[in-house]
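Have a look below at one chain only, the form predicted on its own, in structure tokens format.
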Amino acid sequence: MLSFILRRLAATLVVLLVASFIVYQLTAISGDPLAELRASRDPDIQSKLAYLSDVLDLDTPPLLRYFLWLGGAAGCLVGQCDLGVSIAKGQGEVTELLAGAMMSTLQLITLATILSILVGVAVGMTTALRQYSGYDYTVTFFAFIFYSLPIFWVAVLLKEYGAIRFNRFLADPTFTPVTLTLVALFLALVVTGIVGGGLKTRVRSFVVSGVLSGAIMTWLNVTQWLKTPSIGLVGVVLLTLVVSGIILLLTTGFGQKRAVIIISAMGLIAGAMWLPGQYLFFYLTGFTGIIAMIAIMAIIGITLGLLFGGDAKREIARAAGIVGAISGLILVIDEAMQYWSQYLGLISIKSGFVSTIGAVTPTIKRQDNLWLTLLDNYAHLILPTAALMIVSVAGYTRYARASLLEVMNQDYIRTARAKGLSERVVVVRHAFRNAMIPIATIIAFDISGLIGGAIITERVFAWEGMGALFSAGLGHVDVNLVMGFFLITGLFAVVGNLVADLLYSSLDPRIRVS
């Protein structure tokens, strides 16, 4: 594997060098970076022009200037990175500008990408299993619509309905009887379409899901939970049990009693850790406490699986470890939600909780409190994440559906069914793994592409990320800034392709990395 990685890196290095040379030359000859200054009437303009020409090496031909830039970029290999200065950003160091923009973009795209993959693949797989059903037709219809929507229009609609009007609703979060009835009926129809089955099964699913949805919304009205949301001890246990059920369905199934007992027990353990967790977060401040909580819960799950899992201890330990890690994350979210009232007291009442612009609230930035910062970050992330997800989920849904349908018609799937394996085992252990091979390619390319920044989304939501940096570089003919952007995105593209190749070998045992 090491030799394969080294060969791929050597080959891609040549590609990056050639591509960087072409991009540098095209950017350098596209205009004059000092055009705006030359039109200035400042009496000291000549000395400023001479200084900037010297700093940017504008007197050197672009062909030779590229190699000067390449020498500074090569210093990044030994920790002495010199990518020059940016005239578009007030003569700031390009390395510092890229570091800040890259962190902002990663914060924006990480959550959107993870959620898009999980939701898109899950919905796509379920539509493939329910091919030509009403649920399949409905999801396909909306997937094509969402995939065709321009992102700027989606972003504007989200600002109006997902922020402005929703913030007004949060001022008095009460569902009217008509709204409660319509939402409960809609959710009941969605659940019935997903579950499928015969007439009795559909009627049962419709009634149960409708009543449950109505009961939950009524409880929200009575308790005014949306006004002061929290998870609490009961919420931590219930959410962990829901996660346990999903993980059991996807891994061992409900037939193994040991697995059901051990993995379900993680809900009780999460509840038992709720009070000690308060002390843990008090003494281990910052991200140390968050990582410690997730690690502790994961270790507890793995240990229980290895000690009491019996013959299937490895599989059970892996599933219990995943549930433990997610339950630790739930405990972290619960801790952050305890600062909700304090957070609302620090933000502007007019703007509401869901923010429409920027990445941080100035009043929160000055508090130096991790939990307030986390709440504020995700309040600003809601809308741009939703905008990116609407388009991405639609794409992943179509890819996942097509991939699983192709796999389900293969001979080895028919053989697995002929052996008497349950449909869950056939889908999860045989079909799903192979259906993910083409999805792995798309994920790798999407991640490497998104690191370049969602330029339109960043512009609409005033998010200063890589996309905004690239746009500023092009607008001011800032070669150093454009090349710094190219360097980051090119490296991520290389790493993305390499990760995709490694994923192929892990998903398909017939593929060898050699």
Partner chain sequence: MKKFRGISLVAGVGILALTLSGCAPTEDLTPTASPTESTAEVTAPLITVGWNDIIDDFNTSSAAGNNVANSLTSYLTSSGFNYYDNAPSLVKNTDFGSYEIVVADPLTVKYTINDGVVWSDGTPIDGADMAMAWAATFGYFKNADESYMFAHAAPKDNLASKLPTVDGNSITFEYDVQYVDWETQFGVGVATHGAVQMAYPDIADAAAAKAAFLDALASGDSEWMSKVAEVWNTGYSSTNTPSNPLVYLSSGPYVLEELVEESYATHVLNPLYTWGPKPKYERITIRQIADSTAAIQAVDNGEVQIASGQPTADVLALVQGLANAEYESGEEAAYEHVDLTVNNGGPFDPASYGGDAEKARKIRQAFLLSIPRGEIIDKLIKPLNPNARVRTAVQFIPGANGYDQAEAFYADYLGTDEENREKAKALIAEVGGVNGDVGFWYPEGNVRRGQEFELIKLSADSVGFNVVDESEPDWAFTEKVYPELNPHDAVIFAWAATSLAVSGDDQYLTLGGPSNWTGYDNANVAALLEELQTAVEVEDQLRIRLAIEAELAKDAYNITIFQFPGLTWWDKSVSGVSSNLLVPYFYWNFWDWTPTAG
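Residue numbers count along the first chain shown, from 1. Computed from a predicted structure; not experimentally measured.
This protein has a second form, the form predicted in complex with its partner chain, left out of what is shown; the following refers to that one.
> How about Ala272: is it within 4.5 Å of its partner chain in the predicted complex, going by heavy atoms?
Ala272 belongs to the contact set for its partner chain.
> Using 4.5 Å between non-hydrogen atoms, is Tyr137 touching its partner chain in the predicted complex?
Close contact is absent here: in the predicted complex, Tyr137 is far from its partner chain, nothing within 4.5 Å, heavy atoms only.
> Using 4.5 Å between non-hydrogen atoms, is Leu182 touching its partner chain in the predicted complex?
Contact with its partner chain, no.
> Whether Gln342 contacts its partner chain in the predicted complex should be assessed with a 4.5 Å heavy atom distance threshold; does it?
Answer yes; at least one heavy atom of Gln342 falls within 4.5 Å of its partner chain in the predicted complex.
> Which of 141-149, 433-441, 158-166, 395-403 has heavy atoms within 4.5 Å of its partner chain in the predicted complex?
Going by heavy atoms within 4.5 Å, the stretch is 158-166.
> Is every one of Gly245, Glu423 and Arg429 within 4.5 Å of its partner chain in the predicted complex, counting heavy atoms?
The answer is no; none of Gly245, Glu423 and Arg429 reaches its partner chain.
> Considering Leu487, Leu56, Val460, Ala28, which brings a non-hydrogen atom within 4.5 Å of its partner chain in the predicted complex?
Contact check passes for Val460.
> Name the single residue among Gln338, Thr110, Ser205, Thr218 that comes within 4.5 Å of its partner chain in the predicted complex, judging by heavy atoms.
That would be Gln338.
> Where, within 35-59, is there a heavy atom within 4.5 Å of its partner chain in the predicted complex? Residue list please.
Residues within 4.5 Å: Ala35, Arg38, Ala39, Ser40, Arg41, Asp42, Pro43, Asp44, Ile45, Gln46, Ser47, Lys48, Tyr51.
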